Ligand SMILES: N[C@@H](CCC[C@H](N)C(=O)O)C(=O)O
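The chain below stands alone and is given in structure tokens; this is the form predicted alone.
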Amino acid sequence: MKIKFTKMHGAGNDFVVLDAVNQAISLTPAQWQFIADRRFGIGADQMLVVEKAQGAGIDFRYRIYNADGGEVEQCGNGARAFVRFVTEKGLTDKRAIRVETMSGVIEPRLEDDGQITVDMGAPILTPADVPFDSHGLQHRSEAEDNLWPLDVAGKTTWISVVSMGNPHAVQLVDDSEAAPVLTDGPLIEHHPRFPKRVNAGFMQVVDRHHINLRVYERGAGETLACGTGACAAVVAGIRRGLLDSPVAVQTHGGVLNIAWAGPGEPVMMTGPAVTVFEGEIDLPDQL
């Protein structure tokens, strides 16, 4: 099976983007894993699928598959790549589009300077809706946020739980570079308190408008940048009284700019999206 693809990245978070408007795409989890494999396939953190819209007033449908082959609800950096892709491919002549995802509608917009801003919607802050099982736990209040204790590797880690359409556990660290991302990240991702697993964020506050951030992503491991993770970290930092909007989020792959006006308001994310190359892969039918 031959499939045309475009390789893209948003601040180093890299994607294989597939046009399902002009070609049929129906792959197994093993085939998604093959595409994501950096030695035997193309290599990517996530695969993004562009489909025709199913609802009224919507321009496209956006589906996301992680490197482990599982479909997930949201990907912020991918949303920026999405609008770059549909614009470059001539699938739309709009600079702002409405896109339906598993978790709702997002609105990415191509700016005059080439950056892309995405209205990521309002964050979900109720633990059960993230989802996070807080039963039997005693939270600790900090400004407007509730911090929850999580048993990780025999120690208590205090986290903020936020959903940006996908679940995030954000913890404050003194030095993001020294943080145990690769050891504690997978333990948090698979913690039984998170029934749908979780993205684990390690946030270092530099000043009230700057943070350093590393994220161990659900189904992908640590990535160079995580757009929804940046949004979740800024929301958590503002709610804890540590940050003021807007916030520049420094990741290993670049800077994302996040603005949030408070509860009930949408999170706005601005950053780059770059096309790297295009190609065609002969995908094995049986894996």
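So that there is no doubt, residue numbering starts at 1 and follows the sequence shown. All values reported here derive from a predicted model rather than from experimental measurement.
Only in words, not in the display: the form predicted together with this ligand, which the text now covers.
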### Message
If I superpose the C-alphas around the site and drop in this ligand as it sits in the model of the complex, do 3 or more of its atoms land within 2.4 Å of a backbone or C-beta atom here, i.e. is the pocket blocked or open?
### Response
open
### Summary
With a 4.5 Å heavy atom cut-off to this ligand in the model of the complex, the contacting stretch among 71-79, 148-156, 105-113, 90-98 is 71-79
### Query
Quick one: is residue 46 in contact with this ligand in the model of the complex, heavy atoms, 4.5 Å cut-off?
yes
### Query
Wondering, does residue 199 line up within 4.5 Å of this ligand in the model of the complex on heavy atoms?
yes
### Message
Given that this ligand is not shown alongside this chain, does residue 226 nevertheless sit within 4.5 Å of it in the model of the complex, heavy atom to heavy atom?
### Response
yes
### Query
Closest heavy atom of residue 250 to this ligand in the model of the complex, within 4.5 Å or not?
no
